[in-house]
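The chain below stands alone, shown as structure tokens; this is the form predicted on its own.
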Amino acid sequence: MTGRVAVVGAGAAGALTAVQLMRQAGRAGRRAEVWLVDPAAHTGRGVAYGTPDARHLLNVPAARMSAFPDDPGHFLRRLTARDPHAAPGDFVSRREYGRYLGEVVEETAARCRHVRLNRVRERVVAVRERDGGPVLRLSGGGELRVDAVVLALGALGGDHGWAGPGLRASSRFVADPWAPGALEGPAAQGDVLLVGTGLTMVDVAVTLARPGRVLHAVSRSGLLPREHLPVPAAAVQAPPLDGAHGLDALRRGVRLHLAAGRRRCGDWRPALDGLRPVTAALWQQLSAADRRRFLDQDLRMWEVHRHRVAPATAVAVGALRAGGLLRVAAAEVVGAVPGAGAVEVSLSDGRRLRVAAVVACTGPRMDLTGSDDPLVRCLLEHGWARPGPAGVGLDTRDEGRLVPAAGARAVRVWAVGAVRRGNLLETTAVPEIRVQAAQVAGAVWGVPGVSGAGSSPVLEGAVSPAAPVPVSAAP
């Protein structure tokens, strides 16, 4: 019956978790304290929703972005109260959504009279146990003793080994394009190389593109995210699928489902969206070998079809490519030598580029054993956490509690969001995270049977979309 809980991370996952902890404690009439610990100035924005660029849009329609799994229309009502012309299928700015999450946290804290919310703007650098409870060490030297901890760390930094030590040490290398001012230095001058062709690259290209310069974008696949339909269509329910029969059989079943969806709807997207409620269960049914094979062979094809961009964003990217301002290719960086005025880059396709800056858009690290986050390192080194299935993220139980290494004690630490990817595969979108937040809050407070929503058939320890989907299948 915990009374003091720390949520580490104040982006979307941390904000949604703090809200659920307060709501559930308030409903039970419990006196409690919640600490939301993160050095960021704003609550709820994080990397995903902290962008100042209004051209960066949500990649999920407004009707599906409520903070509450039991009140799916909440965000849309808030949006239409401000803009009567807003529609359920609108893809609004991420900046607007970040403001919404911050407001939800403040409003919930004001309503829950018996629950106190404390906002600590420091970084958690370590954890230890004392008398059966976690003690967090903060970057300022202080400590915070609580009864339970929830990790809401978001997507941790990527692996930049491809850049080489010389480039990584150069001011012409942008390791984190979302860091304040990161795109205002050398990246604002001359041609730029963007390494990665996913959602991050799309946003960075929209921000950096201007006449007189060329943005080169490369990745191993050279694939760009597909776009949403202009008018979102209802998902087509998936037929019975079973990952226990192996990845090859599952691929065949998914291909047949996509083909049937295309015949029925004239497009593959509704059928792909119909996989969302069963993705985590299918992923968990696969053998360890098949999970690794999916990550190696299928993941990129899945991601570009599953994680789509708003129609307006697709139009903008298409215009940049048509005008020669953005050039996309399947290639890898094989050498990069920074000089006084530029970086000389050699690519695997034989080309050599001279660019003002190289921007990493490669996405988050999947194997956290090499993470430079001090809290993650501490948890792994003490055995209080272990790598997740297929070596991805941190291993968690169905309700989100960390699984310790063999022979180590379990600590009262739970997780939501990106670090659970090894268990759930898809675990970074708000529709999934809001359910996780409700489940974890129920587990922390000892409330039995809390699922966060009554509509999904797969809320028992799972959360999201992303079943081993075909590589060459789909669209």
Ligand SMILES: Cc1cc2nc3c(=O)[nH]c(=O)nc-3n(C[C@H](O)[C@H](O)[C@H](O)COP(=O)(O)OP(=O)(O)OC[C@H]3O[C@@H](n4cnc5c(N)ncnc54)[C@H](O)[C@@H]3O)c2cc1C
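Residue numbers here begin at 1 and follow the sequence given. Here the structure is a predicted model, which is why all the values come from computation and not from measurement.
Quick note: we don't show the form predicted together with this ligand, though the next part is all about it.
Heavy atoms within 4.5 Å of this ligand in the model of the complex belong, among the stretches 326-334, 196-204, 140-148, 219-227, to residues of 196-204. In the model of the complex, V124 approaches this ligand with a heavy atom inside 4.5 Å. Contact annotation: I433 falls within 4.5 Å of this ligand in the model of the complex, judged by heavy atom distances. Among heavy atoms of R269, none comes within 4.5 Å of this ligand in the model of the complex. Proximity of G154 to this ligand in the model of the complex falls within the 4.5 Å heavy atom cutoff. This chain is displayed alone, yet in the model of the complex one of A48, A443, V411, A67 has a heavy atom within 4.5 Å of this ligand; that residue is A48. With contact defined as any non-hydrogen atom lying within 4.5 angstroms of this ligand in the model of the complex, the contacting residues in 54-83 are L58, N59, V60, M65, given in sequence order.
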